[in-house]
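One chain comes next, on its own, written as C-alpha cells: the form predicted on its own.
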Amino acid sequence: MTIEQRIEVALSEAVARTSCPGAPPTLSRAISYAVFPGGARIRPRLCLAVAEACGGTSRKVSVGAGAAIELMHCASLVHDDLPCFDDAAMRRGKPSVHRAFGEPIAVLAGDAMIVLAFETLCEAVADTPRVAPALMRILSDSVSAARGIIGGQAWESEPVVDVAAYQRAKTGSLFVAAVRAGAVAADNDPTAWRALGEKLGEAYQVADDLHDAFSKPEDVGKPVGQDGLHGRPNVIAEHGVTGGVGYLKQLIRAAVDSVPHCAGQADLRTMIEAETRRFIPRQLAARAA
C-alpha cells in the first residue's frame, strides 16, 4: 500500500471503533463525517515520511502516530468552525459538522476525536512499549493548553494576542508533533527534528493567511476572509502581500534546509519541496516566481 492508503485504512479502523454496539449512532456519523473525505493529510504523511527517512521499520507505530495526529487535526477543525469561534458554514467543501449535525453533537464529536487519537496511538504501540511514553508526551503536548491546539484556540479570546505563541500553538504544534513522532517511531532522537516542524507549521499558517485573503471558497473548501472578519492576526496585516509571499518562500527554504542528516534526507527534502509548492495561492504565483 502507498503511504496515503495506509493512513486512510488506519483512520477508517479508528473511526469504526466509535460505531460499536451501544454507541450513539449520530455521534459516530458526525465523527466519520468530520474525518472523511479528508484534506491533504499532510501531517500524517509527514510523520510517515520522517519515519521512513530515519530508516524506521515499524510501520504500525508510524501509521498509528500519524493517524492519531490527523484525528487531533480533524477535532481542531470541528471546534474551530463552531458558532462560538468562527461560525463557519463550510469545511472541506461541505457543510461544517455543526451545520450538518447541530452544535451539541459537533462539540462532542471534536472531544471524542481527541480521545480517539490517544486510543489509536495506544493500539499502535501495544507491541513496542518502549516508544509509548515519548509518543504519548508528543501527542499530549500537541493538544495541550500550554503549547498545543487548545492553547492556540484560546489565544483568540485574549484581549492582547501573542502572535508568535498563537501561531506556534494553533498551527505549528501538530507539525512539530508529526516530525517528532516520526523520528521516535524510527527509534531516533526527536530533538533535532523540532526545527523542521516549526518552520513547516509557520509556513502553513502564512499560506493559510494568504489563501484566506486571495482564494475562493470553492478552491479551499471553506469560507475565506475570516481573518479580517474576526480581526485575527495575519501575515498580510504584518508584512503586506508582497512581503508575506517573500516571507513564505523564506520559511519553505528554511524548512527544507532544516531536515537533519538521515539516510533518506534527500528524498525527504524533495517531498517537502513538492508539498510546499501548493502553499502559494494561484493568484499570487507570479509574485512568488
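Nothing here was measured: the structure is a model prediction, and the numbers come from that model. Note that residue numbering begins at 1 and tracks the sequence as displayed.
Keep in mind the form predicted together with another copy of the chain is missing from the figure; the text below concerns it.
Contact annotation: of the candidates 237, 27, 256, 262, the single residue with a non-hydrogen atom within 4.5 angstroms of another copy of the chain in the predicted bound form is 27.
Among 188, 215, 128, 140, the residue placing a heavy atom within 4.5 Å of another copy of the chain in the predicted bound form is 140. Remark: residue 207 does not count among the residues lining another copy of the chain in the predicted bound form, judged by a heavy atom distance of 4.5 Å or less. For the chain shown alone, residue 18 is a contact residue for another copy of the chain in the predicted bound form, at least one non-hydrogen atom being within 4.5 angstroms. Contact between residue 99 and another copy of the chain in the predicted bound form is not found at the 4.5 Å heavy atom cutoff. Another copy of the chain is not drawn, but in the predicted bound form it has no heavy atom within 4.5 Å of residue 170. Judged by heavy atoms within 4.5 Å of another copy of the chain in the predicted bound form, the contact stretch among the candidates 172-180, 155-163, 190-198, 91-99 is 155-163. Contacts between stretch 240-270 and another copy of the chain, counted in the predicted bound form as any heavy atom lying within 4.5 Å, involve no residue at all.
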